[in-house]
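Below sits a lone chain in structure tokens, taken as the form predicted alone.
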């Protein structure tokens, strides 16, 4: 028998919905309406939101932690507060649904994380743009908690096809000055009147539109697209093993 959507969303359940046999299905429906845009249809993550299928979360692993994050958001991130937009009962159902997904993220990691760490800081020169803990440069996204926030499939795509799903706020800015110089870098701010960017050497620029010949925001990554060719299959497995191991401890 098909479940009635309106009836599911109107159910009154205890906090965290553990005694409601329909809580997971109800939570799935709420998730698709409110959360899938950032976390992906199957909660495996996107550039705007982390993978939720791993069973471990950056802000705490207890049910009360999940409930708090959904209710209050996470300051300094793209995670907004859903307090007011969702009733506590529906937030509880979301917690139940997210809990039900934890088995889906258990993808085995084949590589050697120690070898991958050497590739990251050495051959790949990834630290020229990315930070892990206190090491590296914050030109691109911070990878300190990459393994805890992203699925293995997501990390692989990010390495071999960086333009496939661009991280919000990391578009490429191209400015041509009045004397014809072309400056390319990572977006730090862009509107109809100005552009701010940082190039791959770490130099920061700020321009007013009226003072340059052109300025454009291109929805592509400045990250090289040749890592799939640069690294062997074993190298790539090792690199991914290292990225998957990153949980914020370093």
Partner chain sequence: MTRLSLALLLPAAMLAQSGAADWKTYGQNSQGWRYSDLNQIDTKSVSKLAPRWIFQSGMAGGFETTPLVFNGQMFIAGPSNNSWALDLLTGKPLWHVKKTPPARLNLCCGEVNRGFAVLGDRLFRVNIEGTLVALDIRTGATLWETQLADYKKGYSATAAPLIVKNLVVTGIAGAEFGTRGFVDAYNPETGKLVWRFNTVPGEGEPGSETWSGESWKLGGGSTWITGTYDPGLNLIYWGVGNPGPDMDGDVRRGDNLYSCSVVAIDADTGKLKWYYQATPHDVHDWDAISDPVVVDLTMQGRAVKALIQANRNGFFYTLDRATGKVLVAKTYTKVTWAKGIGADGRPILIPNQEPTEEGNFVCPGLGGGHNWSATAYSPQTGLYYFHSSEDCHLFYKTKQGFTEGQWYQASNVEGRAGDHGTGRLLAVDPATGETKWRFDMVSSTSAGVLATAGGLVFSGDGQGYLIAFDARTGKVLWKFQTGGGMVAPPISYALEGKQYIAIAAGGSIMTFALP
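The term rigid core refers to the maximal set of C-alpha atoms that superpose within 1.5 Å between the two forms. Fair warning: this is a prediction, and the values are worked out from it, not measured in the lab. Numbering follows the first chain given and starts at 1.
One more form of this protein, predicted in complex with the partner chain, exists but is not displayed; see below.
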item: Contact stretch among 25-33, 197-205, 177-185, 49-57 - heavy atom within 4.5 Å of the partner chain in the predicted bound form; value: 25-33
item: Output flag, 37, 84 and 165 jointly within 4.5 Å of the partner chain in the predicted bound form, heavy atom basis; value: yes
item: Distance check, residue 62 to the partner chain in the predicted bound form, heavy atom within 4.5 Å; value: no
item: Touches the partner chain in the predicted bound form: residue 190 (any heavy atom, 4.5 Å); value: yes
item: Threshold 2 Å Cα movement between the shown form and the other one for residue 176, core superposed; value: no
item: Large Cα shift (2 Å or above) at residue 86 between the shown form and the other one, core-fitted; value: yes
item: After fitting the core, residue 167 CA displacement of 2 Å or more between the shown form and the other one; value: no
